[in-house]
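Take a look at this single chain in structure tokens; it is the form predicted alone.
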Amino acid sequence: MLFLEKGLVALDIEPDSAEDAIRAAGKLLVGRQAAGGEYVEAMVAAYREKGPYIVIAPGIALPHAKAESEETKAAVSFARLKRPIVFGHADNDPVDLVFALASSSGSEHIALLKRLTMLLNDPGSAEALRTAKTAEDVEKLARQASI
């Protein structure tokens, strides 16, 4: 499983829309060969069809989709937005932290969600993610949260 490793982290990106933010986080998965471009577009389509259910907490979005091919691997990427973007959620907008999740099975999906939940349940983690200076800082935070 790939979880917030250096190549899966982008800080202070400047997307123009929620869909662009989803694509940016998804491209990190593609870059690490955890998903293909069709998976990224499936995440965008899920957002379009189902709305902002992916905004799971104040300022935090978790785009994901069903695996579109056997090439999808278990991974979570992270894109921090330079300026928060409105996703359309009544309570949790605007979003500045976007975690894209890819998995090839239900058990991988649950394992990744559990690990992400452990990270985000720590009250200081979201703030640490918002102030991290480098991708290495994010990777270190993720490792500490899963110990």
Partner chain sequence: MLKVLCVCGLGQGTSLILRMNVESVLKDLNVQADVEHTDVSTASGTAADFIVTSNELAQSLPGHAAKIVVVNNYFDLDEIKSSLQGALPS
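Positions refer to the first chain, counted from 1. Remember, it's a predicted structure, so these values are computed and weren't measured experimentally.
The discussion below concerns the form predicted together with the partner chain, not included here.
In the predicted complex, residue 88 approaches the partner chain with a heavy atom inside 4.5 Å.
Within this chain, residue 66 lines the site of the partner chain in the predicted complex, having a heavy atom no more than 4.5 Å away. Looking at residue 95, you'd find every heavy atom of it more than 4.5 angstroms from the partner chain in the predicted complex. Contact check for residue 121: a heavy atom falls within 4.5 Å of the partner chain in the predicted complex. Highlighted residues 6, 17 and 82: none comes within 4.5 Å of the partner chain in the predicted complex, counting any heavy atom.
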